[in-house]
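Let's start with one chain on its own, the form predicted alone, as structure tokens.
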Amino acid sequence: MRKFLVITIPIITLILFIFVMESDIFLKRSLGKNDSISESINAVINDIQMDDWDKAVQDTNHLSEVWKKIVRMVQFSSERDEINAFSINLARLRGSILAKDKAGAFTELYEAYEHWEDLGK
């Protein structure tokens, strides 16, 4: 019995750690109707293209809320640099929207999208 436990416990522990480290692929997907990062980014892009800056502020706030939900789930399985870079892109996006800077906002949005795509790779 002792030999069985000595072998089984490390194997189960390793499997659990591997599952946690690779779980970002599954946890990155949206769990609800309005929990998609990609759709939220596209909504902000559309708002900026239409020069609807008030709606862009609202959709950026929604994007931040969705990001806060998802980052809690993927924080143990994703690169910390990617998570920090996405958060910085959101902060810069807020500044660009406040200044009504289309070029800066698009730059931050597309860079954030790339960080989102690289999360979990």
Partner chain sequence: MNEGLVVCVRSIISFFSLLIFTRILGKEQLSQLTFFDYILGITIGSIAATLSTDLSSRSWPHWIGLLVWAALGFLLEYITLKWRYIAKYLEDEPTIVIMNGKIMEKTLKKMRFRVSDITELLRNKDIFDLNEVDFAIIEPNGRLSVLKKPEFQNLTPKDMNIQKKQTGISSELIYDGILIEENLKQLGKDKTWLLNELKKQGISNISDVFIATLDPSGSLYIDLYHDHMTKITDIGDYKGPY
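Numbering follows the first chain given and starts at 1. Predicted, not measured: the structure shown is a model, and the values here were computed from it.
Separately, the form predicted in complex with its partner chain exists; it is not shown, and the next lines address it.
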Using heavy atoms and a 4.5 Å limit, would one call K121 a contact residue for its partner chain in the predicted complex?
-> yes
Flag D51 as yes or no: does it have a non-hydrogen atom within 4.5 angstroms of any non-hydrogen atom of its partner chain in the predicted complex?
-> no
Should A99 be counted as a contact of its partner chain in the predicted complex, where contact means heavy atoms within 4.5 Å?
-> no
Check whether E108 has any heavy atom within 4.5 Å of a heavy atom of its partner chain in the predicted complex, and answer yes or no.
-> no
Counting only heavy atoms and a 4.5 Å cutoff, which of 43 to 51, 88 to 96, 73 to 81, 56 to 64 contacts its partner chain in the predicted complex?
-> 73 to 81
May I ask you to list the residues of 3 to 26 that have any heavy atom within 4.5 angstroms of its partner chain in the predicted complex, in sequence order?
-> P10, T13, L14, F17, I18, V20, M21, E22, D24
